[in-house]
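Below you will find one chain, with nothing else, as structure tokens; this is the form predicted on its own, and questions on how it binds or moves follow later.
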């Protein structure tokens, strides 16, 4: 049976976030897999990344070089999210506090000088949303991955995919994991893992040619 390589990335914990669901989901999905999709055995590889403008893309790029994936799905925590958010585009902008500025000013720079203002993902987002509705997973489309490390990684990833022909790449923002399992805010890790399994499965089927509904709006 033919095989396909998929990378799912997540971020390390950072200040104020002791347990990052993106790390947990990436590791669980790599360990549990997604099964056979449309006649393809799917090899899922994890990439756990530092929360750093300068280090995140080189870390993911190393895993990509080693595993030669046809699909890369990056994930990150969006603290304001109440469910899964499928990111539609990445902008060529990063904003961060200038460490040398005593006034705490914000520095704005392009992710890649001279690059396009934005890239749109080619993941089949609407088909993924249909899968989510069948599995009762709360989700929405999002056009704003912010201007911090998540967006910077997303832009670099789509820049890579743009030069790779059939390669597909995208970014999924994950909600916090609720402290109280009965809470209506956030989503348990099990459900978030189910969501990413749907994302990978539908994207593999789309890559194979069985899917539809590439996002156009």
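As the structure is a computational prediction, the values presented were derived from the model and not from experiment. Numbering follows the first chain given and starts at 1.
There is another form of the same protein, the form predicted in complex with a small molecule; it is not shown, and what comes next is about it.
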Margin query: So the small molecule isn't shown here. In the predicted complex, which residue out of 158, 187, 60, 51 has a non-hydrogen atom within 4.5 Å of it?
Written below: 51
Next item on the list: Only one of 89, 129, 111, 77 comes within 4.5 Å of the small molecule in the predicted complex by heavy atoms, so just point that one out.
Entry: 77
Next item on the list: Pick the stretch from 31 to 39, 145 to 153, 159 to 167, 64 to 72 whose residues have a heavy atom within 4.5 Å of the small molecule in the predicted complex.
Entry: 145 to 153
Check: Looking at the partner-bound form in the predicted complex, is residue 203 within 4.5 Å of the small molecule by any heavy atom?
Finding: no
Notebook entry, point to check: Contact between residue 20 and the small molecule in the predicted complex at 4.5 Å, heavy atoms?
Noted result: yes
